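Next up: a single chain in structure tokens, the form predicted on its own.
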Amino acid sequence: MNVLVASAEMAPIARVGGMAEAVAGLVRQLRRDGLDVVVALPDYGGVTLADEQRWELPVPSWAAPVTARTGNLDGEGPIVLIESPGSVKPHPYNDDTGQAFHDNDLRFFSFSAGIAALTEQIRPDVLHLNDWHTAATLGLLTDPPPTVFTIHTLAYQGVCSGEWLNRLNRSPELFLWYGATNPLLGAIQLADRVAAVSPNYANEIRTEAHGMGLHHQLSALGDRLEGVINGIDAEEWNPATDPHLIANFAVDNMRGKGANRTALAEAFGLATDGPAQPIIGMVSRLVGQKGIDLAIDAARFLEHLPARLVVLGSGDAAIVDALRGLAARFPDRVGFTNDYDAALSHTIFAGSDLLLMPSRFEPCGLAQMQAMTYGTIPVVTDVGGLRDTVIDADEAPDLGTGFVSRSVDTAGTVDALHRAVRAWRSTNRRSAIRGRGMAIDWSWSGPAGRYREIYRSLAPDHHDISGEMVGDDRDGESEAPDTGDPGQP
């Protein structure tokens, strides 16, 4: 079976949010499992491919010229970089002020035209599209192969001028949104299967409260919509072998975690005063969705917990300024780095005692899984994939892996932190909660297996990974937008 996966992001080529890690992890695992996977990404420039070949893709005149560069990156498998009008940029979505590029509609509609042309040329058994940046592909293919469309976050829908409806070949009326064009709306109605990135998020987006204006269409999908939780790269995120750490450790030998804790405190200029006060870590995009304002409000109570806070991230300028002010006000309790630093992020996960994720919504979340793998106890809100992955240790003492705030506000966040700090002070509870989290397999093996099942159900007459023909057993399947999107025009 061969699969064409198209996305605006894939680590390490283009990385803005969790989608980059999710696409990279899924593709890598599918290839390990024996599937023939080709990945299509926009050509943002600056990427050198081994054994490169280049050719023009036949696209409508409004999208031309579109060039495909194919080759291998780090020997991991075939990559196709699609260069289209405006695609070569220093950032996938935004200029250096954080504002969306004015031509994002043309950029990603042209990218979608390139995906459609590539699909016609290679005719994959399954086409797997990701988020609104690829969604117009289904309005440009008159005879698409079986298609899976993954929603990484419903908040970003790519809404743009109604003029784009005139450039779609297939069912343009399904893309119509109050006189405008909504790529994501069209894709969820035209795809054979729609996947949200966690089971709870799949349920949430069917509701008016979380459906971002599309809850009626999502509810109408029935069994065509399901939640498949993301995984993490088990090779990159392994405290026993992680090269970024000052000392490695494992669930049966945690001594190295203390050395990383000291290194973390030193990196942020905090006192290395032993285990008396836990370190709360945050690694996040600094946007409203992530509830950073709740963390800033909660920081006023750090002295009374007592605890310290370290934050690594970049994003909204106002949030960056607020965090800088917080660190200046409480230099002995708060450390902040405005950046994305892969090595430092690993140190935070390894050296922190608690990880704070006060998200307002969280389709899946990866940080809580990475934290648990490194013996760091997550403190999260009860939303999206956080509900699917973290069990409150007060509500389920024998099963708990973290602490869950039942309200998305400052009071709930402070309460959850207080309960987490209290548990952390008990050596026995700390060890038990850590051990349960570290024992869970958060790798891509299970999620990739579910995607393979979906692919086989859509293309039942093609070979599965064992080389045997798959019969027609379809595993039981039946046949207002947030303008804060960094990818919105």
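This structure is a prediction, so every number in the text was calculated from the model and none was measured. From 1 onward, residues are counted along the sequence shown.
Although it is not shown, the form predicted together with ligand GLC is what the next lines describe.
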* Structure fact -> With a 4.5 Å heavy atom cut-off to ligand GLC in the model of the complex, the contacting stretch among 404-412, 161-169, 311-319, 356-364 is 356-364
* **Touches ligand GLC in the model of the complex: residue 19 (any heavy atom, 4.5 Å)** => yes
* Is residue 81 one of the residues lying within 4.5 Å of ligand GLC in the model of the complex, judged by heavy atom distances? -> no
* Asked: residue 290: heavy atom within 4.5 Å of ligand GLC in the model of the complex?
  -> yes
* Looking at the partner-bound form in the model of the complex, is residue 197 within 4.5 Å of ligand GLC by any heavy atom? -> yes
* **Interface residue in the model of the complex among 91, 210, 285, 244, criterion: non-hydrogen atom within 4.5 angstroms of ligand GLC** => 285
* Asked: ligand GLC isn't shown here, but in the model of the complex which of 134, 230, 181, 352 has a heavy atom within 4.5 Å of it?
  -> 230
